[in-house]
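One chain follows as structure tokens, the form predicted on its own.
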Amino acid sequence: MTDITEEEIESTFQRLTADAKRSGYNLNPDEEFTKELVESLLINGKRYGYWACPCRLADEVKEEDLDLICPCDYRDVDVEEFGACYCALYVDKEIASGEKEAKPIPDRRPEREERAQFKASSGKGVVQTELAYPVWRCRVCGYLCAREEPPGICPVCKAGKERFDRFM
């Protein structure tokens, strides 16, 4: 039993739903499932002080968990490739409309050792000569993101993938 109330869950669910729609995203249409995820986010918020993804083990140190604070760093690429993020809170249009179901997907988060090595190699005083991912720039609003491919839709201005240029 948690000290999270139904009112907290409902108000957070409503806020996330509105935020998702406003930003061009979709929450999982299974309201009961989604509210369980919302409750888990609220529990993690009270436990850690931040909304760690409820489907992953948090390191319990915010600086170590920045990549999995909801919405996590992996959401966009997971939704584009698999139709849902790892925990299936965020889904694509086909899943949101009921045309297809969310399926389990692989976890993109590197193991702790890999994260530590990356952090050590990109720390203060180290000049990084190569980027791990290309940087994409939205020609409409200037939004920048570093990933393999540009996002399907710009999270700022809602421009399509074709409106992105490789920046670096």
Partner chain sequence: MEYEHVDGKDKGKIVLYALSTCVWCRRTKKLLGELGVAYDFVFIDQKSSEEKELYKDEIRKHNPRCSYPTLVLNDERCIVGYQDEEIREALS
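Numbering follows the first chain given and starts at 1. Since the model is a prediction, treat every value here as computed from it, not as a measurement.
Same protein, other form: the form predicted in complex with its partner chain, not shown, and the subject of what follows.
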item	value
Asn26: touches its partner chain in the predicted bound form, heavy atom cutoff 4.5 angstroms	no
Any non-hydrogen atom of Lys103 within 4.5 angstroms of its partner chain in the predicted bound form	yes
Partner proximity in the predicted bound form: Asp30 to its partner chain, non-hydrogen atom cutoff 4.5 Å	yes
Cys87 within 4.5 Å of its partner chain in the predicted bound form, heavy atoms	yes
Residues of 36-56 having any heavy atom within 4.5 Å of its partner chain in the predicted bound form, listed in sequence order	Glu36, Leu37, Ser40, Ile43, Asn44, Arg47, Tyr48, Pro54, Cys55, Arg56
